[in-house]
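We begin with a single chain expressed as C-alpha cells, specifically the form predicted on its own.
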C-alpha cells in the first residue's frame, strides 16, 4: 500500500509580512469598510490590494469564502489565501477550525506543500490563544488529509505537508505552540482513524483490526492490549458478539485496549470505559441490506476505530487517566451458519435477546461490550457506534445523537462536543422506549415493533446492560463519513468522535 502523506504543524516566532512561504493564510471578517488593524501592515506591503478585494466585491469575508492573491514579489510569500471568518462578533473556535481545514485543503489541491498560517492575528482577545492554536492545528490536519493508499498511478514521493503558525510576539507564540502540539496530536489521531475506517472489508477484518490495536499499544508504555478470540468468547459467554460473527469466515474478536494513569495512585483513580462498535463489514446478515450503498458498510467499524484512535491520542497527550477501550468486532454476513430472525441469544450479562432483525447487530455486540465494562468495575461507560438509520433520519448529517440517564455525564459530553466542534443533540431513551424492547419469549428483543423512535429504542436497549453505572450512548450514524467531500474535507471517513472523546477525557482528567 502507498504510505499516507505525513502532515506536520509547528510554530515560528516571525512576522507574517516578512515570511518566505508558498502560501500565507490569513483570516478576514465580513462587512469591512476598512482593513482590520492586525492586517494593515500586510495590506500596506501589498499597496492596498487586500482592501481593493473588498471594494470590488471579489472577497466579502463571509464564512466559507476564500480568495487567492498572488503577490508578484511585493512580499516574500508567493501567494496570499484570504479566508472569510464571517461576522467578528460571532467568530468561534469552530469557525477557526473550519477555516484552517479549508485553507489546508486548498493548499493541497494547488500542490502546495508548505504554508504559513496567521489566522489568529485578527482574533478577539477573548479567545484563549492556546485553544486557538489547538483548533487551527486540528483543522489543518483534517483539511490536508487525503486517502490514497490504493492509488497506483505513479507519482514522485510526496514531501510532508508542513504548516507553520507565525507570530511575532513571544508570549503569544508560546501560547499558540502549546495548543498546536495538542491539536496536532488529536488531529493526527483523527486522521489515523480515518485511514483505518477507509480501508475496505477485505483488508480490515476483526483479526486485522486487533492487529491495529496491538500496534497502537506498542507505541506507548502506558497502553496495553488484550484480544479475545472466538474460543475465549465462547468460554466467557459473549453470545451477542458470537451470534453476529457466525455468518462470516472471519471470526469475531473482542479488543480491550487499556490506558493506565501515572504513578502509584493509578489504582485509586476512577476508570472510564469507551465501548466502540466495530462491524468490519455489515451486509445485514440474513436480513440483508439493499445493494445500493452497501459499499459504505465498511464504515460500520467507525465507532470502534474512534475508540482505538482516542486511546492512541490520550497516551501521546499524557492524560493522567485510567481508560479502557472495549471494541467488540465482527463481520455481519448472510450464510448457512448465520444467526437468524427468531433466534434467542444469551448475552454476556446473562440477559436473553430475541432476534427480530439480524441487521440490528450493533446493539448485540455492544451489549456484550458494555456488560464487560461493568465486570471491570468501570466508573463511567460511554459507547459510540454507527448504530441506527433512524438517528440519521432524525438529525441528518449535522449532529450525532446523544442519549444518557446521567445528567452530569450529559453535561460533560455536551461541553466536549462544543469544545471539539463535533456536535451532538440529546435524544430521549427513557422507560417508555425500553418497554418497546421487551420480548414475549425472552428478556429483550433486538428491534422494536415499529420503525418509530428507532434511535431511542436502540439506546434504551443498550441501557439495560449498563446496570447502575453512569452511561451514555453516541449514535454517530451519518456523521462517520463525508459522501461527496467538501471544502474542508476529502470524501471518505470523517474520523468523527476522536476529537469529541479526547475533549471529554481531557475535561475528566482536569476534574
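Residue numbers count along the first chain shown, from 1. Bear in mind the structure is a predicted one, so any value in this text is a computation, not a measurement.
There is another form of the same protein, the form predicted in complex with a small molecule; it is not shown, and what comes next is about it.
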Using a 4.5 Å heavy atom cut-off, indicate which stretch of 262-270, 277-285, 134-142, 88-96 touches the small molecule in the predicted complex.
-> 277-285
In the predicted complex, do 81, 108 and 111 all reach within 4.5 Å of the small molecule through at least one heavy atom apiece?
-> no
Can you check whether residue 388 is within 4.5 Å of the small molecule in the predicted complex, heavy atom basis?
-> yes
Hey, in the predicted complex, is residue 436 touching the small molecule, heavy atoms inside 4.5 Å?
-> no
Decide whether residue 40 counts as a contact residue for the small molecule in the predicted complex under a heavy atom distance cut-off of 4.5 Å.
-> no
Look up in the predicted complex whether residue 31 has a non-hydrogen atom within 4.5 angstroms of the small molecule, and give yes or no.
-> no
Heavy atom within 4.5 Å of the small molecule in the predicted complex: which of 324, 242, 403, 360?
-> 360
Tell me, out of 289, 351, 414, 207, which residue has a non-hydrogen atom within 4.5 angstroms of the small molecule in the predicted complex.
-> 289
